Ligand SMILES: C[C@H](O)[C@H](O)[C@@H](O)[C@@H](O)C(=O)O
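One chain comes next, on its own, written out as C-alpha cells in the form predicted on its own.
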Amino acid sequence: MDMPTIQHIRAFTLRGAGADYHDQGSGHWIDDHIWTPMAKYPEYRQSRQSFGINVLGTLLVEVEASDGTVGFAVTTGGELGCWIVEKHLARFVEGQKVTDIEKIWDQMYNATLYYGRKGIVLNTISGVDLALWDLLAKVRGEPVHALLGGPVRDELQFYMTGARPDLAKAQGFIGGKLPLHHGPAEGPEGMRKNLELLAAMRRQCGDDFWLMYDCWMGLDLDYATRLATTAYNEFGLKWIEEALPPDDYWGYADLRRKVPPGLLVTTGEHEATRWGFRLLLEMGCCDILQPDVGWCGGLTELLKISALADAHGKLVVPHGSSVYSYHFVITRHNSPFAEFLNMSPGADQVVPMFHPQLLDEPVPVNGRLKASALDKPGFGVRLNPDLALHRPHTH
C-alpha cells in the first residue's frame, strides 16, 4: 500500500498529574521531604514543588497522517516544549512518510545541537518520536512492540517505586524502591533515619524481597558510599540509584568501585542520548542503566542505548514511563523486569501512572502484566477527552 505522509503536528500543554507526575496535590508521597540537590537549603527541603519541580507541566504531541490516523504521546515539557515543536521541529516532521522515523530523529537532533543535546530539548524530541511510533503502529494496525520485533516473554514482572515497599510485597511486586528522605546536610541524624526506615521495611518485607534506595541526584561520593555500604551489609539493599549528579561520571565510577560486591549501582534517569550512556558504560559507572524513554531521546534512541548496553553486558531497566517503556521492555532480553511508579497519594493503590491524562493504561496485576495487555494498535492508550488542552503556539 502507499504509505501515508504526516500532514500535521500539534503541541499542547496540560497541568496537573500525568506525564509531569510530580505535579500532584498536597499530601502526596512523591513530595514528602524527599532528598534532592536543593535540599541543602532548608527552605527547599520539605517539598520538591517548593523549588519548582512541577513548573513545566505535560507536553502532548499529536501527529496526523494524510489518511486521518492520529498518533500522540505525552512527556514532560509544557509550554517550552510546545514552542520547540511548533517553531522548530515541525519542519522536519510534516510532509515526511510515517515510516521516516530515523531520518526525522536525526534531523531534529542535529538541528537543535546548538541549544539542545539534553534536558528540555531532548524531552521534546522524545515526545515527538514517541508520537511517531504510535502513529506508525496505528497505520499498520499493530502494537508498537510488534514493530520492535515482538515479545520475548509472555509477561512483564515489576518492582514498585513508592513510599510503602511493604504494600508492594503484599501486592505481588518483586521489590520496592524507596525515596531517600535525608542527605548530607542533615548529618549523622539524617543518616540514622535513612537506615532506620530501611531496617523497618526489611523487617516487614522479609529477606527475599528487593529493597532499593532512590537518591535523586542529591548525595556526594562519601555519603553515598557510607549509606550504600551500611545499607547493603546490614539490610541487604539491592541497589542505590542516582546517588550523584548525572554529570559526575567520575564520581559514579568511584562509587561503583567502593561499594561492596553484590550491591548494584544504578543511574541514567536524567541522562540522554547514546553518547551520554556511552560515558556511563565505558567509565564503568553503573550496573543497570535507567533511561526514561520520554526524556532520553524517545524510543528511537532507547533502542540504540539498549544495544550499546547489551554489548557491554549491562541491563536496561527504564525509568517509569508506563506503556512507553512496557512495549520496549517486553521485546528486550537485557530488560528482564520493569519499574511501576506508584502514583496513588499514599502508595497504597495500584493506579495508572499517567492518570488522568491517559485512558486504557494497563497496570500490573499481582506485580505482573501479560504481553496480551499490550496488543492494541500503537501504544494502546487514548487521550482523555475531558482534558483541558492548551495550544500556546502554532506554526
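If you're wondering where the values come from, they're calculated on a predicted model, not measured in any experiment. Numbering starts at 1 and runs along the sequence shown.
Omitted here: the form predicted together with this ligand. The next part is about that form.
- Interface residue remark: His22 is counted as part of the site for this ligand in the predicted complex, having a heavy atom within 4.5 Å.
- Using a 4.5 angstroms threshold between heavy atoms, Arg332 stays clear of this ligand in the predicted complex.
- This ligand in the predicted complex is approached by Asp214, whose closest heavy atom lies within 4.5 angstroms of it.
- Using a 4.5 Å cutoff between non-hydrogen atoms, Ile30 counts as a contact of this ligand in the predicted complex.
- Residues with any non-hydrogen atom within 4.5 angstroms of this ligand in the predicted complex fall in just one of 39-47, 59-67, 333-341, 362-370: 333-341.
- Each of Thr161, Pro179 and Glu269 comes within 4.5 Å of this ligand in the predicted complex, counting any heavy atom.
- Using a 4.5 Å cut-off on any heavy atom, the one residue of 288-327 that reaches this ligand in the predicted complex is His319.
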